[in-house]
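Take a look at this single chain, the form predicted on its own, given in C-alpha cells.
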Amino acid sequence: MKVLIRGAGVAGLTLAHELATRGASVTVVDIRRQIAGNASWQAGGMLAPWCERESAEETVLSLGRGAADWWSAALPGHVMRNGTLVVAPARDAGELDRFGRRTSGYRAIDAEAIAALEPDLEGSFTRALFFAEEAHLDPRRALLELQQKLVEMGVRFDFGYGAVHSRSADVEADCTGITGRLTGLRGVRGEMLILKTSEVALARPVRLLHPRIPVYVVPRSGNLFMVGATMIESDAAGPITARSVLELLNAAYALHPAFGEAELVETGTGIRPAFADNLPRVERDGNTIRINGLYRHGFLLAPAMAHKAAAMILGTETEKERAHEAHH
C-alpha cells in the first residue's frame, strides 16, 4: 500500500507513523521547506485531556486520554508525566471553582501542597487544582525527532514540493490543516511568547485562570517557558499584536514576578483549523482521506485521529468503527 500524505504537521506525522509501523509505503509532502513554521510548531505541547474538558466536549477527553501513552511509545523519554497545576489569583477564586465544576480527574490542594509541587510558587496562591494524570512534551523536539524516526523507518519526505507532485499513490491523505480550505473549516488564531529566565523553575504546565484571558505557562529545557495562548476567531496571519504581548506578559508576571525580568526570546502565531463544533474529523472521499479540525488539541488528539485514519486506509476498521463513521 502506497500512501501520499500532504502536510507535515502533527496530524501528518502521526499518521505516517501509524501507517509505517503497519508496513505501508509512505511519502510525506509539504509546501514548507522544513518542519518548523506550521501551527504545530507553535503548540504548547500539553497532553491535558481533563483540563481541556473545561471548554471542550467529552469526546476530547475520551479521545485524548491515550495521547501520553502514544507519544511515550513513539518517542521514549519525551513525555513528562508531572501533571498540570491550575491556579487563580485570590480575586478570581470563583474561576477556580467554575473550572473544577466543569472538569474531573483532579484533587483540590492548599498552599502547602502547592509549595511542595512548585517551590517557586510558595506563598503566591492559597488554593489550586492538581491534575496528576496529565503530561506534556516539547512539541518542537517531538516533531523533529518523530520526523527523524520516520526517515529511519523508510518514510520519504519532500519539502517545498510546489503545486505538483506524483499521484502514483494508492491513497492520498490530506493533513494540510487550515490550508485545506474545507467547507465549514474556520481559522482560530493563537499567539504565544517564549521567555527565558533562570529565576523561575517549574516542573509542569501551570494554568492561570482569569475571567477574560486564561493562560498557561509551560516549562521547556534551557530555562525557557512557553506562555500562551490567545484564541482569536480569525485566520489572519501576521505578527503577534501588542495587546496580546501585554496580556501574556502580565499573566506571566502575575504567576511569578521574576518573569518581569525574563528575556522575550520569541513571539509566534499559528492558525488552528476548527469546525463549528471544535471537534476533529476523519473523512473519506474516494481514495482521499482527510484529517482536519484539530483546533487547539493537535498533540492531544492527533494520535487517535491517526489511528482511525490508518484503519480506514488499510481496511482494518472494526464493524463498530464503520458503524460509527456511517452514523456521523
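It should be emphasised that the depicted structure is a prediction, and the values quoted were computed from it without experimental measurement. Residue numbers here begin at 1 and follow the sequence given.
The protein also exists as the form predicted in complex with a small molecule; that form is not presented, and the subsequent description refers to it.
Among residues of the shown chain, residue 295 is one whose heavy atoms approach the small molecule to within 4.5 Å in the predicted complex.
Although the partner is absent here, residue 125 sits far enough away that none of its heavy atoms falls within 4.5 Å of the small molecule in the predicted complex.
In the predicted complex, residue 176 approaches the small molecule with a heavy atom inside 4.5 Å. The closest non-hydrogen atom of residue 190 lies within 4.5 Å of the small molecule in the predicted complex.
With the partner removed from view, the residue among 29, 289, 60, 262 that has a non-hydrogen atom within 4.5 Å of the small molecule in the predicted complex turns out to be 29.
Partner contact region in the predicted complex: 190-198, out of 87-95, 149-157, 72-80, 190-198, criterion any non-hydrogen atom within 4.5 Å of the small molecule.
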